[in-house]
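Single chain ahead, written as structure tokens, the form predicted on its own.
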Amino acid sequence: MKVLHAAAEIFPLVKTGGLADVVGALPEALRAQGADVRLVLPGLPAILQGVERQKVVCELGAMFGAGRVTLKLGRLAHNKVPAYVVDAPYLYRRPGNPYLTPQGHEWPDNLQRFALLGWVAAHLAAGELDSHWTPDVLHLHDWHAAMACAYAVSHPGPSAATVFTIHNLAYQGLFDQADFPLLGLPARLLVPGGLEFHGQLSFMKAGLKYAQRITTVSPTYAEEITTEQFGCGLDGVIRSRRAQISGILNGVDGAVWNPASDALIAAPYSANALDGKALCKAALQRELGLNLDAGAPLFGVVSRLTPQKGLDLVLAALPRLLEGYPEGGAQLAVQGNGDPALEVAFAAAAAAHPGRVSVRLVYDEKLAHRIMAGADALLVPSRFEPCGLTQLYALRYGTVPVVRHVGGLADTVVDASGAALHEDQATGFVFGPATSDALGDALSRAVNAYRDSAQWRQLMQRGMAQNFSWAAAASQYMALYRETLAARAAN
């Protein structure tokens, strides 16, 4: 089976969130199950550098505002997966992340930049651009690649089956509908039953309306997005496609996230040899300027600083977390950036509690590994969370997650209470309402559990025993691809 993935970012070359981790790991896992997998990626500077042995497939000429567009094929340097690169210097060779300027504003030509990615993906899927390889399945990731579904449905000829994955419904790719002519699509698609969305043009809706199958990154999120609370205004569209939607839980790349072999942490350790974790904690405390105190439970946060992630709840619950220090109180290590107000508030908290609170307002993949290994617990109090990967990394590192019962967090963490704790099924602490009081109660339970070394070790080892491998997810995607191809053949 030939499968083409289209996405705007990929770990370790370009990453703004969990999407990059998925795109970096899933194709390789599918290849391990026998699929012939390739990717198509925008020619961002880091991608141009990270794809080796590039050869020109075809010259596409001037399009989407670019004077020269070239399609190249090479291999990702880190895992040798074949990758097409859409080399359009005018659109992609610029600083900033894939979507925003260095000043944090959306690039004004994002419509053209990501329409081009979708256009190339759709034309590869139709067998037009590479005469030596045509996919059976075209798998699009998030709004950045979703327009490929509109280009595919507007073409009457043969094309690959389409699968669209929603990684985060809150980011939808909305543009002025006056720019619709720039897409080169038939006007019949700009209607409420098509790409129009409350007077705007929605890339996300292209995937929701026109993909043959739709997936999300956890079973619970697949249910949540059918509701008004979590549907971000698209719940009606999603309910209309309910029979074609499924949730497949993300996995963990064991080659990247493994405390027994992680070269980025202070000392290796495993579930049966945990001494190294104490060394990691001490090293992290020294690095972050926290008091060197093995008895203080150290809570970590590795996250974008946004209201979605519920980090304002952490600030509100902070006094409760720190109370009683050093006798039983805790420490907090935060790494991430994003919302300016949250950045200022966390910086102020660190200034007010030296030795107890440390904040690094950066995205730093290496520091994320050190926090994951050195912290005793990880906070993920999200208001909504399609899947969440950090809690999966935390489980693998014996770092007990404290999470809200929502989305993929609900699917992956078992609360340490009642029968689950007694039957050795518990892996973390789960709370319900998105309030500081509910989070504070969960934090108090976690601190109390930490004082019971036997119970805490049980939670750590149970978490480390969980198997969230990409092999399981890849098997489900392969089954979905086969079903999609069979349904298309039947029609």
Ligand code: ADP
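Note that the structure is a prediction, hence the values are computed from the model and not measured. The first residue of the sequence shown is number 1, and the count goes up from there.
What comes next is about the form predicted together with adenosine-5'-diphosphate, which does not appear here.
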Handout entry: Residue contact check: residue 337 to adenosine-5'-diphosphate in the model of the complex, 4.5 Å heavy atom
Key = yes
Practice task
Using the partner position in the model of the complex, report whether residue 362 sits within 4.5 Å of adenosine-5'-diphosphate, counting heavy atoms only.
Solution key: yes
Practice task
Give a yes or no for residue 393: in the model of the complex, does one of its heavy atoms lie within 4.5 Å of a heavy atom belonging to adenosine-5'-diphosphate?
Solution key: yes
Problem - residue 12 within 4.5 Å of adenosine-5'-diphosphate in the model of the complex, heavy atoms - result: no
Fill in the blank from the handout: Residue within 4.5 Å of adenosine-5'-diphosphate in the model of the complex by heavy atom, from 257, 269, 92, 175, is 257
Practice task
Consider the chain as shown here, without its partner, and state which of 402, 302, 311, 124 has a heavy atom within 4.5 Å of adenosine-5'-diphosphate in the model of the complex.
Solution key: 302
Problem - Interface segment, criterion being heavy atoms within 4.5 Å of adenosine-5'-diphosphate in the model of the complex, picked from 383-391, 115-123, 189-197, 203-211 - result: 383-391
